[in-house]
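Given next, in C-alpha cells, is a single chain: the form predicted alone.
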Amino acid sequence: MLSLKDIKKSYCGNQVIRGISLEVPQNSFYGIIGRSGAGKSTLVRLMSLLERPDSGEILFDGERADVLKSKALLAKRRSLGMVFQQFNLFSSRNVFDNVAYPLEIIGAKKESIAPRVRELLAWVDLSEKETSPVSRLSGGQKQRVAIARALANNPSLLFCDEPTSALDPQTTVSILELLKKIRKEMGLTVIMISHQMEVISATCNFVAELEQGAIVSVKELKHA
C-alpha cells in the first residue's frame, strides 16, 4: 500500500528523518511510536505528501508519489485522510458543514453532499448532532466529527496523528474502537502515530519504533 525507501529530511541543517525505509501492508492498522522529538510529526507529513523528502522515494501501490506536482499531487493528497490530535474543526461551521467541507472544495454536486454527510455521521454515531455548533461538543464528539470529515472523500489510507492524546481514558477507548471498526468494515489502511504503547497495542497489527529520526524496530502484533 505504502512504501518508503531511504527517506531523509533536514531543516536548517538538522537531519530530522534519517534514511527511513518502511512497508505498510494494505488493509493493515500500522502504528508508529516514538518519544517527543523522535520525528513522528515530520514523518507523517512526508507520508501524507504535505512535505517532500530531501531524498528517497515514497510509493503508493508501487507508484512514485513524492515526485508528483500541481494537480496530480493535489489529487493524491485528497485520496488520503488525516485525523489530528487537536481536531482542527472550523468553529464557524456546525457539525454537518464541517463534514461537508472536503466535498465542497472538490466541487461535489450539492445533491450528493447531504446523503454522504449523513451517512458518515451515522458511522460515527453523531446523527443527532448534525446542526450542533462544534463549540458545544465534547472532545470525543469533536474527534468523531474530525474522523467523519477525514472519510468524506473515500480515502484509501487514513492517517491518525496522536488522535487520542487530548482525550480522557474512557473516550480514548471508544475512539480506538471506532477506528478499528472503520478499518475493518471500510477496508481502509490506517496509520496511527502515537507516543503511547497502550494505544498502539490496542489497535495495531504492526508497530515501527522511531528514535532520533530512524526506525529501530518493526514488530507484528498478532494479538491486535
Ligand SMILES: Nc1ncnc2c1ncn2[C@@H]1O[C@H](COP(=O)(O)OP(=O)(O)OP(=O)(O)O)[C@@H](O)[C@H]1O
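A residue's number is simply how far along the shown sequence it sits, counting from 1. What you are looking at is a predicted structure, and each value in this text was computed from that prediction instead of being measured.
Beyond the structure shown, there is the form predicted in complex with the named molecule, which is absent from this document and is the topic of what follows.
**Student:** Among the candidate residues Asn27, Ser174, Ser41, Ser55, which is the single one with a non-hydrogen atom no more than 4.5 Å from the named molecule in the predicted bound form?
**Tutor:** Only one listed residue qualifies here, and that residue is Ser41.
**Student:** Could you tell me which of 179 to 187, 151 to 159, 58 to 66, 28 to 36 sits within 4.5 Å of the named molecule in the predicted bound form, going by non-hydrogen atoms?
**Tutor:** Only one stretch qualifies here: 28 to 36.
**Student:** Check Tyr11, Val16 and Arg45: does every one of them have a heavy atom within 4.5 Å of the named molecule in the predicted bound form?
**Tutor:** Spot residues vs the named molecule: full contact, yes.
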